[in-house]
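As a starting point, one isolated chain is supplied in structure tokens, in the form predicted on its own.
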Amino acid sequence: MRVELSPGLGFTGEQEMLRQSVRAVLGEQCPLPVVRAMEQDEDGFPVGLWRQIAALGWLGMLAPEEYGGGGRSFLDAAIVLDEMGRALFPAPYMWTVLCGEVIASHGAREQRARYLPMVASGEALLTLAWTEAAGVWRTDGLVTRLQGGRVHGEKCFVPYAGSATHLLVAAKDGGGRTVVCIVRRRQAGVTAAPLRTAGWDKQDVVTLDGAAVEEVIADGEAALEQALVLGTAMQCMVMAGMAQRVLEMTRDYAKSRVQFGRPIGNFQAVQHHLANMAVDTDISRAMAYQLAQRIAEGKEYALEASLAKAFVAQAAARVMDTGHQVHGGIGLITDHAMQMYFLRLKPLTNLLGDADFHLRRVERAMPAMAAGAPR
């Protein structure tokens, strides 16, 4: 049974070397026992490894070379995210790189010069503070306000806010326009209260009580739209990597687990389960990599990102469910890797919008598609 994707996207030898390097580093420095230990860690990620991946250039690979980055394509970052999903790497890599890209695309030159080198070096740990009590990924209902250079409001489900150096805060200014405020995390007027999540991931409720704003990205609507669609593409890569690893784990278990005198993988029902898992995994990976290729080529990708999230989130959930059926009770014990993948998928399927949210985005785009609007 084929479990490695061959997407036909023309990966270069350098990109294959990148994949092997990321897999080797994470396999050695962040095996699953380390991932499990991070559940009880205050930061929630191995700080030493964070510095190491910064030195390897992973954090700055998308940033322009003039700001200390690598100037590489999104397809390179997709390979890293795929491997991080496979390894369950517990760190704010996606959120820091995503916020860096928002600043790179929508920040003023002075803002790019100030923050992007810090992202590339690992000095800055950025996260997105968007949703509020309603938990929706829209801007029309934002209650958080920017007044006189200070921001007031409360943000929910903020990833890694407790460890972040800076928050990108979605707010409304005095004229009712959407802006993105860059706020230093460690200051008076900013508190982060951790949430206890099913996936043991680090999410916080952030209270902003007159916190000083370092910078403002004026075109908040465009900046947040990019954060939504680019972050969604990143999530799809992570989920595809997780599904791939669960498929491999389940295949190996079915080959080794003997019942009634033979491996359970010889039973037709189990073979059907594995086949269904392989279909969901292969399609998810193909969609995720095709989306990454589209981004790398500079094409429009908002619709494709929502299509991918709507499918991949549900397909990966099916892979996890079916993997549990094949593993049986052993997959539910705390020390088994199966439950770790199952639980860590949950926040990814909801942050930046769940499948239903993205299906509604696709529905709203359908009239323009029917009218033949170019893409």
Partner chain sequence: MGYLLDYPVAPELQAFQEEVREFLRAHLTREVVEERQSGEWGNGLGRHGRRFLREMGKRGWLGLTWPAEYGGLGKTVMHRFILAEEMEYADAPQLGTGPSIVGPCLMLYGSDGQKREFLPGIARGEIAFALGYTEPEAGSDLASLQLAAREDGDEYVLRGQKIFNTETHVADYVWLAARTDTQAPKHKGISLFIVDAHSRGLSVQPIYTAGDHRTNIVFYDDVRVPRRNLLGEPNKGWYYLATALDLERFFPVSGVIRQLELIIWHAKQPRPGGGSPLIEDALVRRRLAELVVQAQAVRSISYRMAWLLGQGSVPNIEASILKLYLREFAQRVGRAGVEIMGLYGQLRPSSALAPLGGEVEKYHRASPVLTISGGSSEIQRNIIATRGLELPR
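Predicted model only: the values in this text are computed from it and were never measured. Positions refer to the first chain, counted from 1.
There is another form of this protein, the form predicted in complex with the partner chain, and it is not shown here; the text below is about that form.
- A317 is the sole member of V34, A317, L49, L307 with a non-hydrogen atom lying within 4.5 angstroms of the partner chain in the model of the complex.
- A single residue from the set A212, A275, A108, V258 has any heavy atom within 4.5 angstroms of the partner chain in the model of the complex; that residue is V258.
- Not displayed here, the partner chain is kept clear of A124 by more than 4.5 Å at the level of heavy atoms in the model of the complex.
- Using a 4.5 angstroms threshold between heavy atoms, R186 stays clear of the partner chain in the model of the complex.
- Not displayed here, the partner chain is kept clear of G298 by more than 4.5 Å at the level of heavy atoms in the model of the complex.
- With a 4.5 Å cutoff on heavy atoms, T197 counts as touching the partner chain in the model of the complex.
- You can rule out all but one of 128-136, 162-170, 98-106, 114-122: in the model of the complex, only 128-136 has residues with a heavy atom within 4.5 Å of the partner chain.
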